[in-house]
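This document starts with one chain, in the form predicted on its own, laid out as structure tokens.
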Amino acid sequence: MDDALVFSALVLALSGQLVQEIHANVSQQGFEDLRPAHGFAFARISVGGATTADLAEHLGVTKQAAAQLVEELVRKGYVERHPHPHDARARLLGLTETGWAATRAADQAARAAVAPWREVLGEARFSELVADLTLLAPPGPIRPAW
């Protein structure tokens, strides 16, 4: 069996499961109007310094698609725009209190979603897995600096 293909399939399956479980839990906590793509946007916006162009790059979409997503999140009350201190044409994106509440709900949902993995692997192996995945994860603004 090809380990590379097995690894790819397993990581994709776990990723899909994680996204679905987080989304379901966040919806159950009262944020029914959010989609998984919104969570990926919140992850970038929450670290600060994000413009619509930065968000487009983070999400791998066009600037127009990111602008539509931002407009939707502004309209729903999750995101607000602020003047950019160095570029009069750009706006910095920030989460509103409702956006931060949704982010906290997603954090709680993520902890709950991986709890069974932690239980199966045990604390030591789970910590090793996190360390190994940290080595493999791409650099970027949402990657925590542990």
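Counting begins at 1, following the sequence as shown. Just so it is clear, the structure is predicted and the values come from calculations on it, not from any experiment.
Missing here is the form predicted together with the DNA; even so, the following discussion is about that form.
Segments offered: 79-87, 116-124, 39-47, 97-105. Contacting the DNA in the model of the complex at heavy atom distances within 4.5 Å is 79-87. Highlighted residues 52, 62 and 65: every one comes within 4.5 Å of the DNA in the model of the complex, counting any heavy atom. Residue contact with the DNA in the model of the complex: residue 111 places no heavy atom within 4.5 Å of it. Residues are counted as partner-facing when one of their heavy atoms sits within 4.5 Å of the DNA in the model of the complex; in 23-38 only 35 qualifies.
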